[in-house]
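First, one chain by itself in structure tokens, the form predicted on its own.
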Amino acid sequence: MLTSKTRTGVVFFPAFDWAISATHPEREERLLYTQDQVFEEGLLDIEGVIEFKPDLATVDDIKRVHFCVPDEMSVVTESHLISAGGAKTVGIQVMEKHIERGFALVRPPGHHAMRVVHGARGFCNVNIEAIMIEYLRKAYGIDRVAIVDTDCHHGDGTQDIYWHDPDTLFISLHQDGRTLYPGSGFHYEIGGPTAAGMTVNIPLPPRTSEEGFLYVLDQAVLPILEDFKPELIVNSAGQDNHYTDPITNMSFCAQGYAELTRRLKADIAVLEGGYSIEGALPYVNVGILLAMAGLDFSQVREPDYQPDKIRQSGEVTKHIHRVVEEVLAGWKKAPEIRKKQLSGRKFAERERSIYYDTDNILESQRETLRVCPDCSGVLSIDSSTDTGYHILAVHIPRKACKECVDQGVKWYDSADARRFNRIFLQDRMNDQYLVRKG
């Protein structure tokens, strides 16, 4: 019997009863062909490849990450709880050392869901990776985590959740935001004042192929990970860089994804996007699973795979080399930038508009951060939407100092309930979540 070199877990949750619509790319069939391919190739018969059934994420798991408006069960279905629970299951199995690595093959996806949730954006309602990570932090006390997002779309939701967290390194490789949703993820987006440099964006030009992705991995991602020294590496494994994906413009292939997985050595992979249901997902996911298990993936080939047809141009190669130089220069300057950002001001503010394309909601936010030299800083978010909701959300971070805890409680207690529909306090120091209704 074939035996895996690395004990590898997998959770399957195709969510057969959930879809945005019958013809939407995010629909039931997305994982049907992958499931068939995994069964037909006999991957679950390999000794050391273990299938687990997903846990159900709880409302408390969501409250550790999000401010849901008006409440959690208004923005999720049971499928979202199982998808997030599937990621959590894989995380638990890794932390308990029942497996060395794990792949959550689940949907719906989550990496466009930000800290505040008024509805769905980019097909995402809640951030399944962040829900898993924050559960693992609470249950197992892990601290430094690196997330490497290889979805074709910038992982703007994950970036938003960890924007002020110096203990979470977020690296996103994606198609340049000038050419694809959500239109963000540029190299100058590096994180908030207390975590400057911990967000690393690597925007790639359309038609980037295997050569470009692996160059970025070897020259930028792996050296940055080596510097950061995370306790856990999570891969947000979007498969929509594939050359057959109908909603993107890249030229990656199943062999490339598998090789990237082999070199990255993530502890946990969580499925994100990927909408070439027949032509890509079955091959990419099988390749990733074999790579995680330390097995030969050289025979994994798409039926129409012709490397010459998807080879990137010389101009694309030159552009990628310039991007990598910028990224590495930014990473080296990060400590100096953080030092400057932490001096001379008590509070930092930013205002922005966020569009929920899936649910057609426009949100306006004003964010205030206490720029703290002793912790990542307490955060308040004044958020209103064109649907009429107005909330104040206060986040006390995991390792908050006493001054930031006191400031957060003061913001929450003193907020005028007549101005807001809801006032939230997310106290990560005490794993407590309070709500006042206006």
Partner chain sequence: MILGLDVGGTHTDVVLIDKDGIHRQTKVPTDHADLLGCVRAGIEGVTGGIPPDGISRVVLSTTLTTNAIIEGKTNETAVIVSAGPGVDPEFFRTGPHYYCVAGSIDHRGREIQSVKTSEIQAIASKLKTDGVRQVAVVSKFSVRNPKHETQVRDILGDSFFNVVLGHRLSGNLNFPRRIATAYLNAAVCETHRRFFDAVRESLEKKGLNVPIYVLKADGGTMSLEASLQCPGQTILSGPAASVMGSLPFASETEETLVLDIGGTSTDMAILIRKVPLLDPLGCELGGYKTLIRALKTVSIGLGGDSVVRLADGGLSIGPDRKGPAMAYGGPVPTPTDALFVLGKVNDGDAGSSRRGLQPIADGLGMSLEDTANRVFDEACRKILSAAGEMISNINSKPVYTVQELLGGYQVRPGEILVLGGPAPHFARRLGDFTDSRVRVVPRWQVANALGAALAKNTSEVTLFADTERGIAVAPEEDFYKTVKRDFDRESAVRLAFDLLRDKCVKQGAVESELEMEVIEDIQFNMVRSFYTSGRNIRVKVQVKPGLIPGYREIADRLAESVPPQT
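Positions refer to the first chain, counted from 1. Quantities reported herein were computed from a predicted structural model and do not represent experimental measurements.
Although it is not shown, the form predicted in complex with the partner chain is what the next lines describe.
Enquirer: Quick one: from Gln299, Ser74, Gln306, Ser343, grab the residue that has a heavy atom within 4.5 Å of the partner chain in the predicted bound form.
Expert: Flagged contact: Gln299.
Enquirer: Is every one of Phe347, Cys404 and Asp413 within 4.5 Å of the partner chain in the predicted bound form, counting heavy atoms?
Expert: No residue of the spot touches the partner chain in the predicted bound form.
Enquirer: Wondering, does Leu434 line up within 4.5 Å of the partner chain in the predicted bound form on heavy atoms?
Expert: No, Leu434 is distant from the partner.
Enquirer: Does Phe420 reach the partner chain in the predicted bound form if we count a contact as any heavy atom within 4.5 Å?
Expert: Although the partner chain is absent here, Phe420 would stay clear of it in the predicted bound form, with no heavy atoms inside 4.5 Å.
Enquirer: Might Leu290 be said to contact the partner chain in the predicted bound form, defining contact as any heavy atom within 4.5 Å?
Expert: It does: once the partner chain is placed as it appears in the predicted bound form, Leu290 has a heavy atom within 4.5 Å of it.
Enquirer: State yes or no: in the predicted bound form, is some non-hydrogen atom of Leu44 no more than 4.5 angstroms from a non-hydrogen atom of the partner chain?
Expert: Heavy-atom contact with the partner chain at 4.5 Å: present for Leu44.
Enquirer: Can you pick the stretch from 405 to 413, 30 to 38, 65 to 73, 386 to 394 whose heavy atoms fall within 4.5 Å of the partner chain in the predicted bound form?
Expert: After filtering at 4.5 Å, what remains is 30 to 38.
Enquirer: From first to last in sequence, which residues of 268 to 291 have any non-hydrogen atom within 4.5 angstroms of the partner chain in the predicted bound form?
Expert: Stretch hits, in order: Ile277, Glu278, Pro282, Tyr283, Leu290.
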